[in-house]
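Form predicted on its own, single chain, as structure tokens, below.
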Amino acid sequence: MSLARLVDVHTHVYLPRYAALLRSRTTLPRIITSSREGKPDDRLFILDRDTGRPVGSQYWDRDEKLKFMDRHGIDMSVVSSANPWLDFLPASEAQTLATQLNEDLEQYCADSPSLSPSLKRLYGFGLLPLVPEISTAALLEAIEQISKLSHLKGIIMGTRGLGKGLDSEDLDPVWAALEKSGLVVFLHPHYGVDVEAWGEKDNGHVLPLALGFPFETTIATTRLILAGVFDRFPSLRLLLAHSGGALPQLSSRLASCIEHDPVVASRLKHDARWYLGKLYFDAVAYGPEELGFVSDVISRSQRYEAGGSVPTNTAVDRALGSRRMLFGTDHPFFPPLQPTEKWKSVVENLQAIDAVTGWGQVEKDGVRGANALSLFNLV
């Protein structure tokens, strides 16, 4: 019987080279260093209306990442550079920095402790210089670079692409290369929705992050579906942050709207709900009911492959959907406000996995780690 592993697929780092860049900037995104009680005090500013958040070694020090993992019993992490990645840079600078940061992340992972003779404790998602004016050749070179770095198993991608969104046909060569490479694409938000939607009342970061980020992912993924990206590139492996945002909840409404809209009604090969079964979802949802629902939506997707009238009274095998769900922590963001040995957010996500009705031990172990080991070809 194989050993059950706990694998964190949603965990971030600002590599030292990247943090140094943020410290050198005078506009967002930036790190501002001041003095507090005679010691340097770094604060990170990345969003509009941002009041900044304190940052320290846990954001860039590998030993701090490993200490966090040890404290929470995490065997392995697939680390990704945190937003806003390279989105704010001109093309030439983004290309150079992507190459350097991918090499940095490879070293960060390669020098980590071993979990077994064939496994390291750290693997990573590389970066593409996805900015306006970048050449297709430069993007394909970055994908080739990442494919050759043995500890990088995918890429992390924001929602703006080359500035027109991820549904732009300009990205088709990128999707084709990513599909051929087998690299996993981790789709992660940064921009949220229009800040005016949150009103004038100070609610901290709750509305932009709890709602704005998942809504951004929902819209970006829907645009990919509507653009036929998953029809043209059926083997593309896309992992959605924050359990896919609101897409699982709204997928039937989406399918109905498509069917009744002459602009898109005949555009796709399948009912919109079918495509959710082609995606992967992190399990950063904090509640068993939410995880169970996402699992149900994934499981039912196979009903919609053939099209036509679909019976809705057939029981859904919730265990089937669990195979495309993976544990994550979102470290180092959102630490506890009060000193505590373990982070409540991490404990809640683990408890949620354990409490999903209809998942047996095999499914729970899958979400905790076995699914990630399979997805990233680490078994």
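The first residue of the sequence shown is number 1, and the count goes up from there. Predicted model only: the values in this text are computed from it and were never measured.
Not pictured, yet referred to below: the form predicted in complex with another copy of the chain.
For the three residues Asp50, Ala176 and Ser181, a heavy atom within 4.5 Å of another copy of the chain turns up in the predicted bound form in no case.
When contacts are judged by a 4.5 Å heavy atom cut-off, Gly287 counts as touching another copy of the chain in the predicted bound form.
Put simply, Thr222 is close to another copy of the chain in the predicted bound form: some heavy atom of it is within 4.5 Å. Using a 4.5 Å cutoff between non-hydrogen atoms, Glu144 does not count as a contact of another copy of the chain in the predicted bound form. Although the partner is absent here, Glu93 is not a contact residue: none of its heavy atoms lies within 4.5 angstroms of another copy of the chain in the predicted bound form. Only one listed stretch (102-110, 81-89, 118-126, 207-215) carries heavy atoms within 4.5 Å of another copy of the chain in the predicted bound form, and that stretch is 207-215. Note on the partner interface in the predicted bound form: the residue among Lys278, Lys269, Arg71, Arg303 having a heavy atom within 4.5 angstroms of another copy of the chain is Arg303. Taking a 4.5 Å heavy atom cutoff to another copy of the chain in the predicted bound form, the contact residue among Leu97, Leu162, Leu254, Ala138 is Leu254. Residues from 223-253 that approach another copy of the chain in the predicted bound form with a non-hydrogen atom closer than or equal to 4.5 Å are Arg223, Leu226, His242, Ser243, Gly245, Ala246, Leu247, Pro248, Gln249, Leu250, Ser251, Ser252, Arg253, in the order they occur in the chain.
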